[in-house]
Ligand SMILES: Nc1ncnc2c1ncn2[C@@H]1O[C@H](COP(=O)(O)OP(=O)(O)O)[C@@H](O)[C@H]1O
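There is one chain below, alone, in structure tokens, taken in the form predicted on its own.
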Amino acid sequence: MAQVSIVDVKKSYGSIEVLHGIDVEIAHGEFIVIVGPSGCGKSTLLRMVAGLESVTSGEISIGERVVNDVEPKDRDIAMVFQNYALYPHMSVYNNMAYGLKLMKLSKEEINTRVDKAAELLQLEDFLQRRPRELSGGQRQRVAMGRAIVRDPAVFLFDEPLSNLDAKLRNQMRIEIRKLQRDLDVTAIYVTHDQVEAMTMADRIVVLNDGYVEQIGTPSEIYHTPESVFVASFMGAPPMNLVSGNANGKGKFTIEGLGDIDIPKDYSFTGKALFGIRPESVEIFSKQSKGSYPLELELVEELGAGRILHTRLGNETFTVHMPHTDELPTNGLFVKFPENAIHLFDPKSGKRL
């Protein structure tokens, strides 16, 4: 069983600590995505699992074995990089077979493994080509094939799709996820793209400045964010976060607007951030009980929907409407379903 355990792992470069006690338990066959902005430490963490970076403190285990001091080649992992890292002078076949030759496998075993991987990745017709004769998506498949032939316990992906165009990224996301399920292998995937994280992961690890902000399923991360950072980072467009004051009795005061109703479960009193997803609000053309006026500033047409950039009181506010709903022309009013409202502490950034 290829479970991966990361326990209180820290990483420092001299006096600068870049990872601050990371704890993640990854089950066999699970697809974990580590997501966060540039510089948050996600690639450093992946490289520590791979053995390309040393562990300052804490333990990393693959299966039942602690691998802190185990060489990368002996960790039973395979890594797919952002830049493919293919040998330009070698054919596709030799790129995929090279690692197996270093392992001293027989020619028959190498042929069997390469042929099987090529069939899985639809590369049978390209085995004698050089990387320069392939498209970006085909090169990425070769890089994945080189990993697959090793039959590893764990796949590690370091932003493998960031060099591809949008259409190809969508296609490769599906292919990678399907391949991981077919092979029943554990996978750790690093990306800064929250769409990749939401669409591919069994669970997501959200990193921010070397700390774990939240670990959960895509649904948990999106619908119940544990911090302002998660709420604003995960989602396109991101969650609306409006400053105001909660009175602890079901009212939230927004400057320039007045009081709005929030669930009475929120007993917090004082300054807070009111959060709601742009697609969770209800839009009307006439004011009614429980609705509040919006000032429309800009409309973005997206084909499948539209994004309204508005003002709620003195705060900016975004609304995402499906294309089937007509845009009100005589007025714009909004209601906030109680089950979609979130409150956050503006000082700690944590969910209330």
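The model shown is predicted, which means the values in this text are computed figures rather than measured ones. Heads up: residue numbers just count along the shown sequence, starting at 1.
Omitted from view is the form predicted together with the ligand, to which the following refers.
Peer 1: Okay, which stretch from 56 to 64, 295 to 303, 309 to 317, 42 to 50 lines the ligand in the predicted bound form, with non-hydrogen atoms inside 4.5 Å?
Peer 2: Result of the contact check: 42 to 50.
Peer 1: Might residue 290 be said to contact the ligand in the predicted bound form, defining contact as any heavy atom within 4.5 Å?
Peer 2: Close contact is absent here: in the predicted bound form, residue 290 is far from the ligand, nothing within 4.5 Å, heavy atoms only.
Peer 1: Applying a 4.5 Å heavy atom distance criterion, does residue 324 contact the ligand in the predicted bound form?
Peer 2: Contact with the ligand, no.
Peer 1: Quick one: is residue 18 in contact with the ligand in the predicted bound form, heavy atoms, 4.5 Å cut-off?
Peer 2: Answer yes; at least one heavy atom of residue 18 falls within 4.5 Å of the ligand in the predicted bound form.
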